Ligand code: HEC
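The data below hold one chain only, encoded as structure tokens and taken in the form predicted on its own.
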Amino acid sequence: MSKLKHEIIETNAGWLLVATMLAISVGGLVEITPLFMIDDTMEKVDGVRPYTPLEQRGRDIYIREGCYTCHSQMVRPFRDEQLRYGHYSLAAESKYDHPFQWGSKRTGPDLARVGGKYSNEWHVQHLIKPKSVVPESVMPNYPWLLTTPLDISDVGDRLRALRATGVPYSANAEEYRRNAERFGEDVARQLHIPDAQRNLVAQAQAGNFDGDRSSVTEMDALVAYLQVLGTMVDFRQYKPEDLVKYR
């Protein structure tokens, strides 16, 4: 009987159109409805900010090299994951990510809390030859990152594209002022698009992420990105009951 009804829908253009529109409507509602409750589901935490120009370029390289295919960036709220990686990931921590890197594939460990866990030197060596620091690793080598100059010619355009999606990079004095009030003067300076190239170079030289201040390489950018992951929220300021209500 069910097979007969299925054939009726497939052979009747009108019924097929109705069934298709119904399926699309249900799927759309499932995607859109949570947005009306986002204020009740987004955690109220301090410290989360957009990536600096250098960190954002590192994120671009992370995506370009396909790192997301083997590493997730989302610690689930399970005891075993929190014991290994740290506090479970908050929705607020990804609100400026386009696209987010949550993922579900873990050929390698989750990287949501990798920032500050290892030194810059460790990351550089790990990216050049992973087996030299993790003998059982199946990760490929990325030696060219250390010798490839970072292309910063279009960093302003990249930030403007993110600004169009709602990421609060500033393009004028008024937006800069709002960022200074919201994030503080130091962060606001980093988020100002007209100064993006200068700020990028200054952060790379100050951080010396690749061990060579004479140039800015793709290694500088990628390590800068890895070192900021999971470091924006100080979880010591919050009690478990402050955050669990949002889950």
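Heads up: residue numbers just count along the shown sequence, starting at 1. Please read all numbers here as calculations on a predicted model, not as lab measurements.
One more form of this protein should be noted, the form predicted in complex with heme C, which is absent from this view; the next part is about it.
Within 4.5 Å of heme C in the predicted complex, a heavy atom is found for all three of Leu111, Pro140 and Leu222.
Heavy atoms within 4.5 Å of heme C in the predicted complex are found in exactly one of 185-193, 22-30, 209-217, 59-67, that being 59-67. This chain is displayed alone, yet in the predicted complex one of Thr147, Thr107, Ser104, Asn172 has a heavy atom within 4.5 Å of heme C; that residue is Thr107. Heme C in the predicted complex is approached by Val134, whose closest heavy atom lies within 4.5 angstroms of it. Taking the partner from elsewhere, Lys117 is found to have a heavy atom lying within 4.5 Å of heme C in the predicted complex. Heavy atoms of Phe100 never reach within 4.5 Å of heme C in the predicted complex, leaving it off the interface. Taking non-hydrogen atoms only, Leu159 never approaches heme C to within 4.5 angstroms in the predicted complex.
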